[in-house]
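The chain below stands alone, shown as structure tokens; this is the form predicted on its own.
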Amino acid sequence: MSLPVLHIGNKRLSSWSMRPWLALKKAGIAFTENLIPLDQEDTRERLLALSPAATVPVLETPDGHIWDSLAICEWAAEQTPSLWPEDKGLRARARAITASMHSGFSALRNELGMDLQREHAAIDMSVACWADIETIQTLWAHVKTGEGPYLFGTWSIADAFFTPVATRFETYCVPLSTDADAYVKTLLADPVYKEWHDAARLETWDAPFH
């Protein structure tokens, strides 16, 4: 059986692509990747050939194509359940905080676009963006178990969804609480993330934030 193919956008810019890439790597699921540069003349045509949403990421499997970063992560968790906490209560909370990131924080997304080649510097942010930053820190403090460096002790899909946020906080020099700053440093020191980051730093084309 051929390996699944994860179709992703620019590693420098595509936070949506990073999340399932991290999950698949952490799960130990073998896959190949196909990078589709964003904002090119043929980008939409190439993406439409993969999914009706015409977005990245898309996971191509023998059973069909799966689009949406959370859906791909859930596919991975069906094969590697340890991607979610074992305890059912913690697992529900992990899904809740992941869903919050998946569907919310539009001000932060719009104003602090992920760009792993951007020079680190602060910018002026709206009240709404600051509110998103405070809410994220509150969520982290609310669910943190204290039994390990990640939100639920060991690494989970919840951490995959907040790793792009951690890059934004670093890139835009966002002041954080002591605990939040420690969690950001943990995410950015992770060797699997660093593999993505190092590849992103080598990209030579440009595209808008995604």
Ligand SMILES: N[C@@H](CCC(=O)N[C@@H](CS)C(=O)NCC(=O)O)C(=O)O
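Nothing here was measured: the structure is a model prediction, and the numbers come from that model. The numbering used is simple: start at 1 and walk along the sequence shown.
Below: the form predicted in complex with the ligand, not depicted.
Visitor: Within 4.5 Å, heavy atoms only, one stretch in 49-57, 27-35, 169-177, 144-152 touches the ligand in the model of the complex. Which?
Guide: Partner-contacting stretch among the options: 49-57.
Visitor: Please check if W196 has a heavy atom lying within 4.5 Å of any heavy atom of the ligand in the model of the complex.
Guide: No, W196 stays farther than 4.5 Å from the ligand in the model of the complex.
Visitor: Quick one: does T61 come within 4.5 Å of the ligand in the model of the complex, counting heavy atoms only?
Guide: Outside the cut-off, so no.
Visitor: May I ask you to check whether S15 falls inside a 4.5 Å heavy atom distance of the ligand in the model of the complex?
Guide: It does: once the ligand is placed as it appears in the model of the complex, S15 has a heavy atom within 4.5 Å of it.
Visitor: Find out whether any non-hydrogen atom of R118 is located within 4.5 angstroms of the ligand in the model of the complex, and reply yes or no.
Guide: R118 lies outside the contact set for the ligand.
Visitor: Under the 4.5 Å heavy atom criterion, name the residues of 167-186 that approach the ligand in the model of the complex, in sequence order.
Guide: Residues within 4.5 Å: none.
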